[in-house]
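Consider the single chain below, provided in structure tokens and representing the form predicted on its own.
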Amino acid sequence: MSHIDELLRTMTLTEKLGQLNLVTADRAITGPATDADIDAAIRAGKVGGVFNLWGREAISATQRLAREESRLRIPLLFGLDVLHGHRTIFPVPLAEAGAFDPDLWMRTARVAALEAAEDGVNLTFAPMLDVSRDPRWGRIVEGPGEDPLTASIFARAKIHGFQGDDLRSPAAIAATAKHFCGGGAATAGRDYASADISPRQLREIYLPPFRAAVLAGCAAIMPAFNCIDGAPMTAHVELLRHYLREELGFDGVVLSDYTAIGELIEHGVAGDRTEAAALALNAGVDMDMVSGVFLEHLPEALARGLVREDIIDAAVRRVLALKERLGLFDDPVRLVVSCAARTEAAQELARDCARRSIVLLTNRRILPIDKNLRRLAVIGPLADARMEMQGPWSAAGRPETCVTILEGLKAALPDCEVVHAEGVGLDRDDDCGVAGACELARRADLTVLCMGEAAYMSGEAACRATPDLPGAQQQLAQAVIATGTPNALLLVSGRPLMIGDLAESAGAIVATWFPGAMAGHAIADVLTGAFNPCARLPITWPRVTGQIPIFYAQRASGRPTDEANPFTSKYLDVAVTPLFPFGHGLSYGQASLENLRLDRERYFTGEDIGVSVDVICSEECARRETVFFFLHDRVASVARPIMELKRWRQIDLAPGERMTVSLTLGIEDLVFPGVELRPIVEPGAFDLFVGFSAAPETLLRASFSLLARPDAA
């Protein structure tokens, strides 16, 4: 008999349900507050895990309650939202996705896991894998953007970084892929709202990142708050049980989001908390976060025949199995020794990650900053805003260690006089400081405008119907630009912002996002040219809110846009094209693509497709370049998107260097869900597009035919 079997045999129903109970401490506020007596519940065997608690001393004391004062001495799970760093805060995930570097994604997760494990945490509620095409949605900041392939590769890298090769290692923490699924498609970009998603969209857009997470061995899955097709995800039998458990074979822990099981009553699918508990358990949810519904109401559900005890046992078994995989029965504290050298290395990684996540959107020969600059004006409410640099979900971060933009520029330009004015508040309409800021700008050789959002404006419960520059920031920017002093506009945010005419009037625009602990140094590295910017947008940037949702992989219209024909797909008042396309990002110097070729013009199904393209760097400076490879199936049984990302390659180029990038596309790149939503490959004509972004006018194109094998049935 295994250890888990022996435990199950000796457990009371209350102790079994205790293992399914995940409770919150008070170190971080991530949902409605509770007043439960956690210590007493742990002693009574009524708690399986605690989250929002960190620190070796606090966690050791709490674990001691379970190991020494409860009847069965089962260790606790300790969870935390370690989304973009723990003590060392890295750029927010949407920013980091723009690096398009899976190795970087893995390394930042590895550092976060080490720091979290050092603080006693053994479970993270990350990575967040919601594909989203709606910048109004606050939680877009937590994920990898609009593209399912990018999200899938992001999933693999993050899970490997968090979990390593062996979860029993004290330096590994269990990863939770969330929010399964479709959270990023919430109606009107509003958190917790329902999502209207077709079965095809589910298979093509929203499920692939979670499939990748399961294949990567993620320990846990968290269902989304939203409902799909009238079924809340916390009770979605088709997706949780049939797809996740049966089709994908996921045997890890499914844990609910904060109070989500009790909220099934508000969704209108449960008449009371007993029915809510039964619905979630029968759908495949193993752990109840905070609501206490499993612990309090599953006994009644069992008595009423709404659930079976073997289903309860299966959920308990999965929770205990995770604790065993983590080695908690043998080493419940999992000591990781702190190391000053590791902390220093983490800060260097945070700086490198931040500068590789900063996107140069426009540049009218303003950047890099002239080395002989004499006087620099740094203006705006985010110039010296230390706390805001971390962004949302940085519970254990140390804001006092963050480097502000002002500090970074002063350190990078020791021979330049750097002056500063806030001008306006972050979210206030008061413009009384605009005149003073403009006077500083007039007397400067260059102005750096530091605009954007406060950290609280992105993340959970931080949706914005009009995601523009808050307060009087737009007026400040317009006034400073009108002084005529050369200027660069920095956008600090967790989403694309609607910036109106600033897109044309600003001398340069830089999306810094929320860059993390080393923000100031990383931004200064990019602005001064000490680092040549290389990040690309992982999401399409709209011109105006009315274009949302907007994304590159749309399906063709029967009446494609034609400005000369009023009866085509367009707006009366704005162009249909985005302000900046997916993949957009500038560097200092230029690069070009030439000579796209395939190794053949015709292929039989199952044969590999060889692709090559030449990349040429200008003589100006070395650069890192990202080359995107998109595919289009011209005629299929189901209309395919006009472009689908299939690969990308990053290369480092010396000044004047010419390099050939070669890769192979396989049968998996041609597969799509057919009419019956089963994976199929259809012979026909295909177009391959290659470019530095998804802007159609910039892409190289090559075509090939896929033929059925002569011997195919």
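Throughout, we count residues from 1 along the sequence that is shown. Model, not experiment: these values are computed from the prediction.
Beyond the structure shown, there is the form predicted together with a small molecule, which is absent from this document and is the topic of what follows.
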query	finding
Contact label in the predicted complex: E460 to the small molecule, heavy atom within 4.5 Å	yes
Residue contact check: K178 to the small molecule in the predicted complex, 4.5 Å heavy atom	yes
4.5 angstroms heavy atom contact with the small molecule in the predicted complex for M289	yes
4.5 angstroms heavy atom contact with the small molecule in the predicted complex for E115	no
Interface stretch in the predicted complex with the small molecule - options 335 to 343, 434 to 442, 207 to 215, 256 to 264, non-hydrogen atom within 4.5 Å	256 to 264
Contact residue in the predicted complex, from F125, F250, F162, F580 (heavy atom within 4.5 Å of the small molecule)	F125
The small molecule: the contacting residue among F225, F78, Y552, W105 in the predicted complex [heavy atom, 4.5 Å]	F225
The small molecule in the predicted complex reached by all of R355, W513 and Y588, non-hydrogen atom within 4.5 Å	no
